[in-house]
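The chain that follows stands alone, in the form predicted alone, written as structure tokens.
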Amino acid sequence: MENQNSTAAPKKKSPRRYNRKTKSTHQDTVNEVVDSSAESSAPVSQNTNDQPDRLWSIEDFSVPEVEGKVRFHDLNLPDRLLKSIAEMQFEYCSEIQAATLPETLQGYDVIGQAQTGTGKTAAFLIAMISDFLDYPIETDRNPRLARGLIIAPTRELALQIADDAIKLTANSHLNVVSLVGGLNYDKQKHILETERADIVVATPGRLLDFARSKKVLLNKVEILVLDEADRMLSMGFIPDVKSIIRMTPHKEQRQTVLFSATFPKDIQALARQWTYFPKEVSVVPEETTNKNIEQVIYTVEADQKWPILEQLVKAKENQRTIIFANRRDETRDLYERLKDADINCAMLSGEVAQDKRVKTLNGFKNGRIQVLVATDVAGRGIHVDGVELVVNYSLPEDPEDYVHRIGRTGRGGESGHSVSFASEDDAFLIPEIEQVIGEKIRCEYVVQD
């Protein structure tokens, strides 16, 4: 990632957040409903917490100081936001959060390199929500005018970001709107007509449809976030993203945060084009893959894959498992086989309707579904805790996808297991995968009795 000379002042409204009075003299009444033009009477369906009997205080969120760790307490965040952070049981910043929040909270543009699962979603959401609470709109505002805009490459990632945003805004009147393809267009249109677009989380195509028809207005966007920029490039979304960005204020009048797992030359050029004297942050572990993940490749005959897979899945009852395949037809075949074997499973691929995909993911997250069979649509941005096993039924043709697939397990410091099958059809991909992850993967030759 090329460096730029970051000499410009941050684009933050004055006074700077770090010059504010301390919390003891600038206490947010987190349980008080504020009646102001900034928080209009438009319905805000997701933020309906019952008011507690007493006011919440920072003293209710006790987190001890630990050397080398940054507490959310230490960032001078609004109390309403800290209350949501406490409810989500966050205590200390992850590495990417500790590196970016001091910059974004002061209004600097940031270009961040970070893998999925590092906490970058919360990093940009906390900065955005803090800004909007500290600097509320004091005049009448068209509810279709978005204040914050987050663009993500996939529907699943956009919905996950929106879900996290709803949790973090639970104690404020900020409204979160998600605009993604594959879900009911009329329902999203109705939401835009009846609710404020404080924070918009969207995929490029659907957002462009609504922006061109003036259902959502982007000309007053204060903070723009581009998540997984490299994925947007590989999926061909950059022309749409360019069209969207042209609808937002000039880069000197907005704050821009861009995250990408990798920085090919095309993304470097776009980052320079879209940001204004950015601070650059890279949080990339020395190990490309999580050291908590035990990896093994089984070299097998093609017809041995299924019986070995069935044995793996049935070996441990209720083991939460994701099985990756390269093609939709292979995914469908595996799903049917698993069902016939009385295994509690579901399928996630591009041919599954979006509303069903959302229900499937929710069922997998809450434990109603044990095994998820997926194409790479689930390879990035799906945050599911407690996945114990990832199986590559077919080795991915893109070695980067291997990293993202097995990254679904071993999250949050837990141990995980990854099993990959390699037959004569795809074993040639192993050296390239090993080159990308920077280590040899243990290979075992398996003969099924």
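Computed from a predicted model, the values in this text were never measured in an experiment. A residue's number is simply how far along the shown sequence it sits, counting from 1.
Below, we refer to the form predicted together with a small molecule, which is not included among the displayed structures.
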Looking in the predicted complex, any heavy atom of T121 within 4.5 Å of the small molecule?
-> yes
Look up in the predicted complex whether C93 has a non-hydrogen atom within 4.5 angstroms of the small molecule, and give yes or no.
-> yes
Does any heavy atom of S234 come within 4.5 Å of a heavy atom of the small molecule in the predicted complex?
-> no
Quick one: does W274 come within 4.5 Å of the small molecule in the predicted complex, counting heavy atoms only?
-> no
Checked G182, G117, P102, P143 for heavy atoms within 4.5 Å of the small molecule in the predicted complex; positive is G117
Partner-free chain; cross-checking the small molecule in the predicted complex, the single residue of N171, N175, Q97, S260 with a heavy atom within 4.5 Å is Q97
Quick one: which of 61-69, 415-423, 396-404, 383-391 gets within 4.5 Å of the small molecule in the predicted complex, going by heavy atoms?
-> 383-391
